[in-house]
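The form predicted alone is given below as one chain in structure tokens.
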Amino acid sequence: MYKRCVTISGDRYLYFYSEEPQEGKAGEERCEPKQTEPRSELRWHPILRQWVINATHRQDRTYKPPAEFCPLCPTQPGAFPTEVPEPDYEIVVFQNRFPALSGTAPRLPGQAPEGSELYAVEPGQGECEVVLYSSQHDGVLWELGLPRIRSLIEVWIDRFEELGARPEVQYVLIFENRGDAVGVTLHHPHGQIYALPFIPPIPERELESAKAHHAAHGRCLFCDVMEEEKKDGRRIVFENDHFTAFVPFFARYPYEVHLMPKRHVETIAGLTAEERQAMAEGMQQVVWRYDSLWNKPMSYMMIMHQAPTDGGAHPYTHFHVEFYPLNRTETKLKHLAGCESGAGTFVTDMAPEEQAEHLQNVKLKEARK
């Protein structure tokens, strides 16, 4: 991948990624983020023992503009300027205009918000990036084609390595929110990356479970889960030489799918060239099946789980991608109500085996010509 950096809005960086060098465009491999004060703060939840991000400036972020005023489309001659100051692009990454985390300046005495021994407060250091999959406003992931998805994986790897190398970053969270049901405010095909100054609660709990499982059995927990799924076979949705996609036995969301490499690898950066191609095929198949189930785009959250970048050793981590759709039927949503949101216990309305059967037997929607 070729990578070129430009500055937007005076102080934010933007990266252009392309398969071929961009003619007439000077490029540089890496932009150094400017030293800025964080615009958000971390507040410690002493009961659950986890950080909450307080980012009040996000209240005024862009909300569902009409397609002709999409800020993620390329800037056309004579038209209003968008976030991308050129008439076309392949893949673009830029610093979020309304970040939940920001700022790389070191914390100075007296600059942190006031807290107490019980209510700890820290500056919201970190980074929030937006990843534009395509210049096409109405594109969807599976229709982009395998070469573009493969390139997207290379971009994710580049961002994981660069952001993870920052001293203040302990976890690089790569994710995508898609659809109104998830609360998406911009419908241009895109994902996000949060470079967090702490390990989030769910990955942290995964690490603890994986470490305990390895201590008890001498094996990787995720490898054992995948082996259990393969033995049963009923919940396998897709498989190639290097990746397996399945509805897990313990699925919490309707049509939840986990896409997992067969080889034990800790991060997306550890995948070989063949595995990256296989991952692209797996991601395309999962989303293609979602959108073919009811012949319309399905709302989902896509989250990548991998080892932290805190400098520690995490050999028990097994990189994988989890998809959380919110539609339990074509017209009914799975709302996370009292039992799920208040108690953390999920109630499912359909057996994972039935969910997997629907995804296995779906007639794949025809791609646009």
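One rule holds for the numbers: they count along the sequence shown, beginning at 1. Here the structure is a predicted model, which means the values were calculated and not measured.
This protein has a second form, the form predicted together with another copy of the chain, left out of what is shown; the following refers to that one.
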Report the stretch among 157-165, 295-303, 266-274, 138-146 that approaches another copy of the chain in the predicted complex to within 4.5 Å, counting heavy atoms only. 295-303
For a quick test of understanding: in the predicted complex, does each of Ser18, Glu127 and Gly311 have a heavy atom within 4.5 Å of another copy of the chain? no
Leu336 within 4.5 Å of another copy of the chain in the predicted complex, heavy atoms: yes
Verify the contact flag for Ala181: yes if a non-hydrogen atom of it lies within 4.5 Å of a non-hydrogen atom of another copy of the chain in the predicted complex, no if not. yes
Check Pro201 for me: does it contact another copy of the chain in the predicted complex (non-hydrogen atoms, 4.5 angstroms)? yes
When the contact criterion is heavy atoms within 4.5 Å, does Phe80 count as touching another copy of the chain in the predicted complex? no
Enumerate the residues of 200-222 that have a non-hydrogen atom within 4.5 Å of another copy of the chain in the predicted complex, in sequence order, or give none. Pro200, Pro201, Ile202, Pro203, Arg205, Glu206, Glu208, Ser209, His213, His217, Leu221, Phe222
